[in-house]
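Take a look at this one chain, the form predicted on its own, written out in structure tokens.
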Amino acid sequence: MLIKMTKRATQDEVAAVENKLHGWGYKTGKMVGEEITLIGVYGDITRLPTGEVQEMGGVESLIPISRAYKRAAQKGAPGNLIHQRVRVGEVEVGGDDITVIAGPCSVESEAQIMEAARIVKEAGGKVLRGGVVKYRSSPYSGWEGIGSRSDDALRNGLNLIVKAGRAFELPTVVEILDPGDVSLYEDLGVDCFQIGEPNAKNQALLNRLRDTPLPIIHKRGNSLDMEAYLLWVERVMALGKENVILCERGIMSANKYTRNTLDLGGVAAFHYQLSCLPIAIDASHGTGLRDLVHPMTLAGIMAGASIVLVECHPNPLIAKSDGFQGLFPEQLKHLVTACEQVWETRQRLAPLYVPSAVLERDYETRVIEDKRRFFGAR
């Protein structure tokens, strides 16, 4: 259940409601918007004395939530949705600006990741990404990452990308595979964890990440429908974690031309109907073809994404992994410029979007009359 506070509710009134709920044994989560505050109530709400809550100072209404992913679910009323904002280092994502997170598929050497960081910075990217240990389904697939051979190698790889990020004032996003490595990533200065597609349902890893203060980019598993995916995201958030970012990176389909099928309808559903969380679009994995990354990224922004996750390399032709989908430096620069322009267009057009729920009540009052006018029904 959500408790919607009035626009005039004071901090003391909000605290009083939370304290009352805690006294009854409920856990709460709070989302503070520009105009209103929502308090999430977690537990068996069938025993909640709703009348007493409704009469408390500053309470406007109680909103039942039917979705199982209560923390990840959309907040606010149609036409006035509330979306979470998340900080990655010093960069706020999911807010008023588009954020480009770019870098190579994997860290290959100090010279390579330093050059990649320079390219990202000069192109206008805000965050540096790069893998240190790569997930491979086959032991014969080749490169498994600079940090895959030993604990010392993992430490060295993490140090390289953190060093590159700090040299160019870019927060860092690094994929993690093993729950036992969480503390090491934290200690060495990584700014954000990435859950890759193969680990979208890794229960042990997701449970462990509940405890980290660092933000999480959770990529959708390519076989998960939208609500199943949000339930796995809910696992990370279940004990109160809020700084989670969704990422659409393509699903399996009958299409064989692209690496995956980028689900733009899913992006729109997450943003407008299903979730309060910021959404990233990853057209690099969604298409697997560098020449399709540009148009599909822009489409993803218009669909509802506010974060772009993209692979680039100083020279993709010699990349040790996923070079076929990594952008050339010139392509990244043009993509960032295009993203900014499309974002401005989306912001300008946003007022033209009218949710059906805003209109339906008026039209329901006209059903009988309209049936008579159009069909002669009585």
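Residue indices: 1-based, along the sequence shown. Note that the coordinates shown come from a computational prediction; the quantities given were computed from them, not determined experimentally.
Another form exists, predicted together with a small molecule; not displayed. Remarks below refer to it.
Proximity to the small molecule in the predicted complex, taken as heavy atoms within 4.5 Å, picks out 126 to 134 from the listed stretches 126 to 134, 261 to 269, 108 to 116, 68 to 76. Here the marked residues T212, R235 and G240 all miss the small molecule in the predicted complex; none has a heavy atom within 4.5 angstroms. At the 4.5 Å threshold, heavy atoms of E175 reach the small molecule in the predicted complex. The closest non-hydrogen atom of S306 lies beyond 4.5 Å of the small molecule in the predicted complex. Using a 4.5 angstroms threshold between heavy atoms, T287 stays clear of the small molecule in the predicted complex. Contact between P198 and the small molecule in the predicted complex is found at the 4.5 Å heavy atom cutoff.
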